[in-house]
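Only one chain comes next, encoded as structure tokens, the form predicted on its own.
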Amino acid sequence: MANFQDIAKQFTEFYYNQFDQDRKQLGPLYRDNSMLTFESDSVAGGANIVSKLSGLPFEKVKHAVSTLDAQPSGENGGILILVTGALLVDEEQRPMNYSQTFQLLPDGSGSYFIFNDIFKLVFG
């Protein structure tokens, strides 16, 4: 079985590749009890999260991860992930810095789902 750092790296690569290609397809990563806080606006439930992400006011986006830190979390095999990086949206030439935290939990079938997701742009 892969260790938590390998899982965090694989998850992060998959998540941002999928987000950048078609964020509407992120639904399977969330569950009904998942929560997203995006720039201090919180939504719960997989369908509501995908709706929020799909409705963001840009068409194209490219994430570039700068740092990725992970820790095992809880007694049930969860993983806490903190990502920092930069993103470019649409035709913007200046990247915006961001921080994103994921709490992954095992789904019972050998995979993980996003239980908590907090995204924040970093200004300054």
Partner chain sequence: MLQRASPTHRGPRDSSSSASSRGRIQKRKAGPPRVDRDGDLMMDAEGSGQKRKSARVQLGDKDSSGGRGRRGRGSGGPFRAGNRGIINAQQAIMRGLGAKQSQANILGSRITSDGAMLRIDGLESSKAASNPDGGVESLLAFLERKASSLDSKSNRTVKIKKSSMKGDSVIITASPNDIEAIQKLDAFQFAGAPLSIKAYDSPSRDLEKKADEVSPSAQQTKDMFRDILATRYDPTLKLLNLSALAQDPGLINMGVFDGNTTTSKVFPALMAVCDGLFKSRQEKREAIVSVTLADNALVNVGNVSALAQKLPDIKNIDLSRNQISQLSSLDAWGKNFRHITTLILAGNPIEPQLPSLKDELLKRYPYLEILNGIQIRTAEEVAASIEASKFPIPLAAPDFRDVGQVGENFVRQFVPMYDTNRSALLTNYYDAQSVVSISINMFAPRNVKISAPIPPWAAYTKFSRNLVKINNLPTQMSRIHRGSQAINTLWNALPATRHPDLSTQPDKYLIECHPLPGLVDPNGQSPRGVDGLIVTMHGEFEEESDKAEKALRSFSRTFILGPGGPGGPPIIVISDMMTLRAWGPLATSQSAVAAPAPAPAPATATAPELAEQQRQAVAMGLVQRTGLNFNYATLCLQETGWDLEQAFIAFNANKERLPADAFATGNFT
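Treat the numbers as computed from the prediction; the structure is a model and nothing was measured. Numbering follows the first chain given and starts at 1.
What follows is about the form predicted in complex with the partner chain, which we do not show.
None of the heavy atoms of Arg23 is located within 4.5 Å of the partner chain in the predicted complex. Among residues of the shown chain, Gly78 is not one whose heavy atoms approach the partner chain to within 4.5 Å in the predicted complex. Contact annotation for Thr84: at least one heavy atom lies within 4.5 Å of the partner chain in the predicted complex. The partner chain is not shown here, and in the predicted complex it never comes within 4.5 Å of any heavy atom of Ile49.
Counting a residue when any of its non-hydrogen atoms is within 4.5 Å of the partner chain in the predicted complex, the hits in 87 to 103 run Leu87, Val89, Glu92, Gln93, Arg94, Pro95, Met96, Asn97, Ser99, Thr101, Gln103.
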